[in-house]
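The chain below stands alone and is given in structure tokens; this is the form predicted alone.
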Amino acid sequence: MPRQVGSWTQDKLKILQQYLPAYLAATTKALERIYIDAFAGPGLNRLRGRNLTIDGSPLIALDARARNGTKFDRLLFIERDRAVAAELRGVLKTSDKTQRATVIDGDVNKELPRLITKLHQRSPTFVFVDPEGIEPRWTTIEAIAPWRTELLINFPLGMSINRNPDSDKVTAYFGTDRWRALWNSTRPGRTRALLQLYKERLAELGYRYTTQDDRLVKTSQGRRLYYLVFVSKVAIARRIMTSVLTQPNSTGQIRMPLSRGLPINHR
């Protein structure tokens, strides 16, 4: 059964759909290109309140190709819920004619560090991190950092962290308790400071190139859900994603910068 999602999900998926072909074009000369979906889901989504089924991130990545025909050589889909993983396998039976995709049952904090060690360190690997809770742990991000990875991350501030500020998961998510002082601060910009801490931590792992516009995703009623954070180790990736973020969204509206980050030291 397709996963029920809000209309705002379309905008997030369109960013992925627009960026992946450019990523594939930029990595055409590599021996192989790999896509990892850390929280894959069932493969199909149904928009709430509408009789409309749309492709989820696994199918978007499976269909992605550069203008020269380059596609992902391998796609790895991690899903913790066994029933959902089985549903995704069923979808792939008809969608993945070339059998490039593999579904892995299990927790991302165990499976992603294990999977990454089986990949060549120089294989360009795009990792989509789109959790429903306060995941993954920082140690998981550290584990994949030595590889040639690029990340698009759902930073779950509104829908998860704000609701669970006393949870030990928050410290595990940041990999430090420095977030607590920022959380307890009453000064304006607490949200931006927490997000900036996370991005600075990513920069310390080598992900020095990021967009200044971290896409803020809201419900149709305007409630803040999460930010989309993009990080890479190469400058051209930042330029490409910056261009994607200026394109019209899923409703045809021109995207305007919703939030501006502090500069990260790229030295």
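For clarity, every value in this text was computed on a predicted model and none was experimentally measured. For every residue, the number given is its place in the sequence shown, counted from 1.
One more form of this protein should be noted, the form predicted together with a small molecule, which is absent from this view; the next part is about it.
Heavy atoms within 4.5 Å of the small molecule in the model of the complex belong, among the stretches 231 to 239, 33 to 41, 200 to 208, 64 to 72, to residues of 33 to 41. Just one of Val91, Leu152, Val84, Ile141 comes within 4.5 Å of the small molecule in the model of the complex, counting any heavy atom, and that one is Val84. In the model of the complex, the small molecule lies farther than 4.5 Å from every heavy atom of Asp177. Contact check for Leu13: a non-hydrogen atom falls within 4.5 Å of the small molecule in the model of the complex. Although the partner is absent here, Asp96 is not a contact residue: none of its heavy atoms lies within 4.5 angstroms of the small molecule in the model of the complex. The closest non-hydrogen atom of Tyr173 lies beyond 4.5 Å of the small molecule in the model of the complex.
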